[in-house]
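Coming up is one lone chain in structure tokens, specifically the form predicted on its own.
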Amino acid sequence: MDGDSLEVVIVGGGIGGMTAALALSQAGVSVRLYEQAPQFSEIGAGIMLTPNATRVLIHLGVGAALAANAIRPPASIYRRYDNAELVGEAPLADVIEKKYGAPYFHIHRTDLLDLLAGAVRSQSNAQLFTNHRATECRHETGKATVNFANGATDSADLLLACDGVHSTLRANVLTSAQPRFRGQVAWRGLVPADGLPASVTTESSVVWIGPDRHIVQYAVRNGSLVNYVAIAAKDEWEEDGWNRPSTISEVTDEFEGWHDDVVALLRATPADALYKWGLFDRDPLDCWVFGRVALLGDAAHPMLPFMAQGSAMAMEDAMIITRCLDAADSVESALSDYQATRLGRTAQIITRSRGQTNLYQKLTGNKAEQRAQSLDPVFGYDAVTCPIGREGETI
């Protein structure tokens, strides 16, 4: 299909929406992206970029900027929660890149979004808008339309809903159950590295494993900050909303009795930079496409964070929808191919992510081996060259 004659509206300026804007605009598509916030930003935290994600970013021409802003961790280390005993280690860095043909990085989410937004702004056929909160959309013959709270409206050949796990547009086109709490509560902090113990400032990622709890921590911004996510099994989530500020005492009480080094990390969290949220996902859908409206990223397939694949799946989606539009002779055919290519893989990742608590919250088993078994099929996926349409259904 001739991309030069195609117009796409994207709602949601997070990592998935911005990657889609970059991929589509590079393919010649006219793109208008709308974000509800006053500026393009992410909650201040880190992100793990696995080879299936970095492969897409390198193809889109931001590999050098990514490498300049990211940390290339040498290993993933597993420690016992109470005495810091090493219970496993999995090599990353050169080993991962040699095996999968693309690097593994840690990066601050804001740094990643900034470099993606800069690349999109360099495209003459892409426009970025803030302060536009989508309220509803509709699909009609040959086009899709979205309305915004500020009174604006826009129509295009295709509307991509990239507005997250609590997607307004998904609810507008699809009647389905609300996201389901999955029995895990998480705290996220970003801590200055100065003065922290060496065990928590290493460039390797470290997973502290305890009964029904775990903490993942790794460095970002050239080692000046340590990002952590502390997760505990809980029966219920009774807070207002799904994400709220927390207190240092709350998270340290939850992890009482853990090793002094990791407790020092928790205690060093800036008081206004600690957030708590319940972990939610949805059962896999059998349809992401509604006329000329298509879902992408968490709007289509929200998943638990245990495999670090939420943003990676959105980047894969962005690459696949771009390839499908380029290869098909109509928007309808492209959307059919997009859905067929992505449904099976994302459904399997959702299911696998739910099963990762044995890796992170049980002290038994070979952790490096467990990790390899769960991630090998994920890291090797190549959204740039894989079959599309029905041939691309498998993981």
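Position 1 is the first residue in the sequence shown; the rest follow in order. Not measured: the values here are computed from a predicted model.
Omitted here: the form predicted in complex with a small molecule. The next part is about that form.
Site annotation in the model of the complex: the residue of R133, R180, R72, R267 reaching within 4.5 Å of the small molecule with a heavy atom is R133.
Contact annotation: of the candidates Q217, S311, Q184, S76, the single residue with a non-hydrogen atom within 4.5 angstroms of the small molecule in the model of the complex is S311.
Considering the small molecule in the model of the complex, the lone stretch of 31-39, 345-353, 55-63, 326-334 in range is 31-39 [heavy atom distance within 4.5 Å]. Within 4.5 Å of the small molecule in the model of the complex, a heavy atom is found for none of L6, A126 and K143. Though the partner is left out of this view, L279 does reach within 4.5 Å of the small molecule in the model of the complex, counting heavy atoms only. For the chain shown alone, P305 is a contact residue for the small molecule in the model of the complex, at least one non-hydrogen atom being within 4.5 angstroms. Interface membership of G88, defined by any non-hydrogen atom within 4.5 Å of the small molecule in the model of the complex, is ruled out. When contacts are judged by a 4.5 Å heavy atom cut-off, R292 does not count as touching the small molecule in the model of the complex.
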